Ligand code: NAD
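Next up: a single chain in structure tokens, the form predicted alone.
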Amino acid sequence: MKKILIIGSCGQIGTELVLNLRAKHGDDNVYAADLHQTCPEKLSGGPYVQMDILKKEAVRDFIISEKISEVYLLAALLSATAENNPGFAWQLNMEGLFTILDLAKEGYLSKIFWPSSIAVFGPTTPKHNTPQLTVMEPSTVYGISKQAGERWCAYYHEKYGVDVRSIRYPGLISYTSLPGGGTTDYAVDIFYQAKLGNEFSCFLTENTALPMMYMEDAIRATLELMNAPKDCVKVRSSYNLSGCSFTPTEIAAEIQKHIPDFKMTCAPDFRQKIAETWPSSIDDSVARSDWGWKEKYNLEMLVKTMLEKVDLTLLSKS
């Protein structure tokens, strides 16, 4: 059996990926890795290693000695958090990628997954149905690092044959972990406040539309892309991916169908300027054509599922 390593396994995407991959490949063959000293309870069913992606030699030694064949590199500083520490964000988001790309170039890894983001787009990008190939002038350090990473992934594939695969994730919505510092994270926090009976203060304006996706769709897309035959993966920078687009007003209205007394106000902060540089909807026809992508969750299904499954005890553990 091949051995798989998920670096940044304690975040939103990582936790779900670990559990899904272990179900398919066996607990002992899927290693979770993150900065945390102790393994989170949810990931305790298989091997866990404390790992700092910036400690290059330690990362290399582990991957080589354990004969890891696939890496999912999720460690990154997200959009809003990165703006508060741009130097470190660039270092973390780029140096880790080079470490993993070089291991594949040297023949130690057979396949890599590295996530990009809609943050690669910018204010000059067409906002509606943003195409796969378009103007990309990101105005945040997170977006700049993801755009640069996309080009390096494509370069390593073209020059060295590295099998690297990537998705430009929209905002991701999940009930398994708390918001992690992204501009789209209001669409996770809103469910906790609604279930607590609190009025929700949104940091974006009421009509700011952004592309979003339910986590189950995002995980399925990631695994489908990684399992696709090489010949079907024609984009080696990163694929556009779409779930559903909505505004704060629209998600609040959908929540009110279940919790009629729920109220939302808007108090835009610095994240509003970030959101204004991003698309409002995404054209993912290339992913649909190349490897058969299709979303399952619309806004109605997303809201119903989140309200049923959000666990308020996570707030006390944070």
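Since we're looking at a predicted model, the values are computed, not measured. Position 1 is the first residue in the sequence shown; the rest follow in order.
There is also a form predicted together with the ligand; it is not shown, and the following applies to it.
Chemist: In the model of the complex, which of the listed residues (Asp27, Asp290, Asp52, Glu254) lies with a heavy atom within 4.5 Å of the ligand?
Modeler: It is Asp52 that has a heavy atom within 4.5 Å of the partner.
Chemist: Answer with one of Phe246, Tyr169, Tyr72, Phe121: the residue that has a non-hydrogen atom within 4.5 Å of the ligand in the model of the complex.
Modeler: Only one option qualifies, and that one is Tyr169.
Chemist: Contact with the ligand in the model of the complex for Lys146, defined as at least one heavy atom pair within 4.5 Å: yes or no?
Modeler: So Lys146 counts as contacting the ligand.
Chemist: At 4.5 Å between heavy atoms, is Asp284 in contact with the ligand in the model of the complex?
Modeler: No, no contact at 4.5 Å.
Chemist: Is Ser242 part of the interface with the ligand in the model of the complex - any heavy atom within 4.5 Å?
Modeler: The answer is no: Ser242 has no heavy atom within 4.5 Å of the ligand.
Chemist: At the 4.5 Å heavy atom threshold, is Ser116 in contact with the ligand in the model of the complex?
Modeler: Yes, Ser116 sits close enough to the ligand in the model of the complex that at least one of its heavy atoms falls within 4.5 Å.
Chemist: Should the three residues His36, Ala76 and Thr184 be counted as contacting the ligand in the model of the complex, with contact defined as a heavy atom within 4.5 Å for each?
Modeler: Looking in the model of the complex, the three residues His36, Ala76 and Thr184 all sit within 4.5 Å of the ligand (heavy atoms).
Chemist: In the model of the complex, which of the stretches 232-240, 151-159, 138-146, 189-197 has residues with heavy atoms within 4.5 Å of the ligand?
Modeler: Looking at the other structure, the answer is 138-146.
Chemist: Taking heavy atoms and a 4.5 Å limit, what residues of 1-20 are near the ligand in the model of the complex?
Modeler: Residues within 4.5 Å: Ile7, Gly8, Cys10, Gly11, Gln12, Ile13, Gly14.
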